[in-house]
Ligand code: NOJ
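First comes one chain, alone, set out as structure tokens in the form predicted on its own.
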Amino acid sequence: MTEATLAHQWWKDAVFYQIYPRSFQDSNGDGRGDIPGIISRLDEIAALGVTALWLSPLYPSPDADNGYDISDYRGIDPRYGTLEDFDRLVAAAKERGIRVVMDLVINHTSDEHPWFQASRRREEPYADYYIWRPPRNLGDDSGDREPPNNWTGFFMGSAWEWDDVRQEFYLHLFDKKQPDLNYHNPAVIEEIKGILKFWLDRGVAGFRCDVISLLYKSSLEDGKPGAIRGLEHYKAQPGTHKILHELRHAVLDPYNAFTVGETVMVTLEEAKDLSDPGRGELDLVFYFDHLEVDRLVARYGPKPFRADTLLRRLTTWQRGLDWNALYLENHDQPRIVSHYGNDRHYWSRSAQMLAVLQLTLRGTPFIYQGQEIGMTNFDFTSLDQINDVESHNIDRLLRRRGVPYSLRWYLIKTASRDNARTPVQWDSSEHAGFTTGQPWLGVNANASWLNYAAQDGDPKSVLNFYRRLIRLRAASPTLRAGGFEPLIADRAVMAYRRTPTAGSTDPGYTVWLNFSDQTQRLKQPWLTSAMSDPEAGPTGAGPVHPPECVVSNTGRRRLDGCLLPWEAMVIRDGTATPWRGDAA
């Protein structure tokens, strides 16, 4: 890593905002968001306190996986606009102090990419750009062929697809229209370097790197039994580290470019290797462990939520990584207020409580579009309303396994990626102010009251709560970069402390969160910890001094021995005042 990069890690003080372009703002009435629409909303983004944008793919694509199947890495899909529109976006964002980060999808391309079309015809130099293999055997007269190995893809089923033109199988860890690139071929790496330079020269500040931990397939041997077979042959392999280091040294460092990688199913040690500053690979990683506390397999198969389990997992990553990427939502996750909150009876309060959780941890926050107004999961009534390819593939798989419709629909409705992909709810007009046409995906019916316009001028709204938290964080070195200490937790309540950085005059903060519909009474030694004046040490005999809250989502200013349903309190050190009242 160069001295310039070490001296200017701007992303550590940034607040990112992820835009899923097709669902953000439509400017021309075609029902699909676009770049001019994004430009028209930059003032709203800036008002939130955001300093960087992450844009999901804008490249030309046949849309087998909503743009994550790219057919041209150096273009803009005409449905989103033009390269000139993109340049205007970068310039307009810069005027507002906002950097732009692109989504980089380089594990695979679209099968309609010219590279793949040439590769399937064995045309040089592209013949070896993808992972091709003959069948394990030729099968019988029916034409059945056995794939080269037993690997399964992330969208269920075999990870191999037969191609009639080349007369071989190609590997696709995701949809069959997303063939994996072959990183054993140095020419592929050179292509990626050119793509990076193309966008960096247009003024982007870096890249969010899609499924980046899966790039290098070290072997094509059969995989061990498991939900996804073959993972041990391509997850966080030494070859991937070598590729990332080469891209960093050759391209990213000279531009002082930022990278955050989506790292699939990685362990803490694997994530540390990918993001250790001394290794010169990625700056940050997105992991999933903290969002799977109440799930059996990824987003599917619910189990009871426990706040103490969540705190343990957060502690593992807060302490384990040099710097964390803080997120609760993205385009692949259900809405967090519908997942960990209560979107029916305590919608506003639980959305605000979850905002406190995200924005009081150590690291760089990534807020997903609509999260700042507490958007909920979509009110789907049938699979026909769902666009997501993964959801349909899972439904087919479960149907073949005899899973009844009621259970299939429950799993898909609560976990489908489309829950996060519905249009942003800007106002209460038809289609929520997203478009004057027919939206590409349905608009939630609650947009009539849950929308940006309704919250903008309401000081008690979820939106203004986010704004205040972001301002507090920006003013506090402790909340941005201080230490993290878990305090106490049980099924419903957690508390942790943010400790001051060395030499800082900013005090520490203690965060209390109630993840339940019930008032939670604090017991000893919890109560002693909660009521202590940090400057005087633990309370012993004598009066208990309840500290004053600097953030509260209930309007209460004192922690008096209990937490109300879905209550969040942030307490600054040294703000204790004389206690008047009974401590239960």
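The numbering used is simple: start at 1 and walk along the sequence shown. As the structure is a prediction and not an experimental result, all values here were calculated from the model.
In what follows, reference is made to the form predicted in complex with the named molecule, a form of this protein that is not presented.
Hey, in the model of the complex, does residue 111 get a heavy atom within 4.5 angstroms of the named molecule?
Residue 111 lies outside the contact set for the named molecule.
Report yes if any heavy atom of residue 199 sits within 4.5 Å of a heavy atom of the named molecule in the model of the complex; otherwise report no.
Heavy-atom contact with the named molecule at 4.5 Å: absent for residue 199.
Within 4.5 Å, heavy atoms only: does residue 251 come near the named molecule in the model of the complex?
Although the named molecule is absent here, residue 251 would stay clear of it in the model of the complex, with no heavy atoms inside 4.5 Å.
Can residue 321 be called a contact residue for the named molecule in the model of the complex at 4.5 Å between heavy atoms?
Taking the distances in the model of the complex, the answer for residue 321 is no, it never comes within 4.5 Å of the named molecule.
Partner absent here, but in the model of the complex, which of 413-421, 184-192, 471-479, 116-124 has residues with a heavy atom within 4.5 Å of the named molecule?
So the stretch in question is 413-421.
Identify, from the list 364, 178, 240, 425, the residue with a heavy atom within 4.5 Å of the named molecule in the model of the complex.
Partner contact (heavy atom, 4.5 Å) among the options: 178.
Using a 4.5 Å cut on heavy atoms, which of 496, 174, 317, 258 is close to the named molecule in the model of the complex?
It is 174.
Which residues in 37-73 have a heavy atom within 4.5 Å of the named molecule in the model of the complex?
65, 68 sit within 4.5 Å of the partner.
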